[in-house]
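Okay, so we've got a single protein chain in two different forms coming up as C-alpha cells, structure 1 first and structure 2 after it.
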Structure 1
C-alpha cells in the first residue's frame, strides 16, 4: 500500500505510537475527505488524543504513515504541518490575555497575510463568528466560551484547509456549547474539520461521520446515529465490555 495515492485530504496508514511498551495508537488506517466534519470519540485512554497529536506533528509516530493533501508528513514537525495548511486548536486556550480579542486575531492573521490582507481577514472572521460584541475587550476578561471562540477565530484567520480541534466544548455551559456547534458548522462551509470530543449531545449537533477509538484502534466508523446506537460502542463507553 505504500505506493498507493492518498485517498483524502488527511490519511493515515497503519499508524502506531508506542510509549514504553504501551500501544497508544495501534495500526490506525484513517481517511478524511475534503469538506468533512468528522468527530473522533472514545473512552478515556482510547488513543484519540494521541492520534490527534500524531497527525498534527506534536509527537512523532513509532511506525506508519501520515499524508496531508497528497504529501507524506509522517516526520514533519507541527510548524511544518501548519505551513501546509493545517490549523490546530488544543484543549487549553492558546491566547494572549493582555491583548484584545481583535489584537489576538490580528496577530494570527499576519502569519498568512500582508497588513491589508490581515485587516480584511480579521473583519471576515469577526463577521463569520459573530465576535463583534466583545472583540475590543481584553481576552483575559472574557468568559471561557468567548476565549475558546477567539482561539477558533485565530485558527481560522490563517485560512487553513484543515482544522483539528481537541475538545472545543470542554468546560462550557449549555448555551456556549450550542453556540460553538453553530460556529463549527459555519466554519465547515469552507474548511475541513476534525473534532476530538467527549460530549455526546455536542457530537450529535455537529457530526456526520464518527470514528470511534478503543485501545488504540478504530472500533467503529459510520454515521453518527448508527455509531451512537451501536450496543458495542455503548458498552465500551460504559465499561461493561472488553473489546480486543
Structure 2
C-alpha cells in the first residue's frame, strides 16, 4: 500500500481497465464518503458499468487501487468484497431465473442471517418492495421491471454497507421510477449508495453530488444543478441522452 491512508468508505486511485485497445476506465480517482447517495452519469460507453465491475471484483483492474472501508480490495474475489459489505445490482438483470422470487431473496438473505433471521428478512423485503403479488413466480417469467425489483430486493436483503445500482430504473414505468427514487432515499438513511442513471428526472429527484464519466475519466464532480448546467457536460451528452 502506497501513499496516504484511504479516505471515505470507497476510494479508487488511478484505477484503470483496458480491454484490448479500449481504455474503458482510464485513471479514475474516486472518493465516496460514508452515507452519501452519489449519482454517476455519462454517455454510453463512458465506463460506468466497468467501474462498478472493478469495484465489486467481477473483473480485475489493469492498474490502480481500490479501497473499501480501509481495506485494499484491488485483487479480491467478488465474494470477498461482497462479504466486506458491498452489494450490487448489475445493469443487465442478474438473478436466478429458474427459481422463484422468494428463493432468490432467500439465497441473498441467508448469507447474512441465521435461518429464522433470513426468513424474517425475506418477508420484510417482500413487504417493503411490495413484491407480494409475484414472490412465488419464477423470476425468469417476470417483466423486466419486476426482475429489477427482485434484484434490488436481493441486494437489500443482505444489508450491505455500500450499494451500487447500475441503472435501477431502466425498463420501469414513470410510477415505478418514482417509487424507486423514494426507496433509494429511504435506504440511504442507513446505507451508502452509488447509482448509475441516464434518466435526468430520476437523478434530480435523488441526487446531491453527481460524478460525470466520459471516456473512462471523471469529467466533473459537483452538485447536481451545477453539473447539469455545465456546458461541457451538456456537450458530452449532446445527441445521446437529453439533459433537461
Partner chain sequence: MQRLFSDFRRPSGQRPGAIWWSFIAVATVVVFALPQVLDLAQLLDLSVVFVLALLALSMSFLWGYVGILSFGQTAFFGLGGYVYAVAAMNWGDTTLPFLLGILVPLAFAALLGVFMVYGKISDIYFSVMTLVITLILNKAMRATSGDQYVIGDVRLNGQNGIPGVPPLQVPWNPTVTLFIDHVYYLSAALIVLVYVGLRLLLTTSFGRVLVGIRENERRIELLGYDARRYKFAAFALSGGVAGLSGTMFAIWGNFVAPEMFGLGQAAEVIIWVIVGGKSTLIGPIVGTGIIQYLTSWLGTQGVGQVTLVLGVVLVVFVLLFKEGLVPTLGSLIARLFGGRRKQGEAE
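Residue numbers count along the first chain shown, from 1. None of these values were measured; they are calculated from a predicted model. The term rigid core refers to the most C-alpha atoms you can superpose between the two forms while keeping them within 1.5 Å.
Taken from the form predicted in complex with its partner chain is structure 2; the remaining one is not. Comparing the forms between the two structures, the C-alpha position of residue 85 differs by less than 2 angstroms, with the core used for superposition. Core-superposed comparison between the two structures: the Cα of residue 163 travels less than 2 Å. The chain behaves as two rigid parts between the two structures, and the smaller of them turns through 18 degrees against the larger. Core superposition places the Cα of residue 132 5.7 Å apart between the two structures. Relative displacement of the residue 116 Cα between the two structures on rigid core alignment is 3.0 Å.
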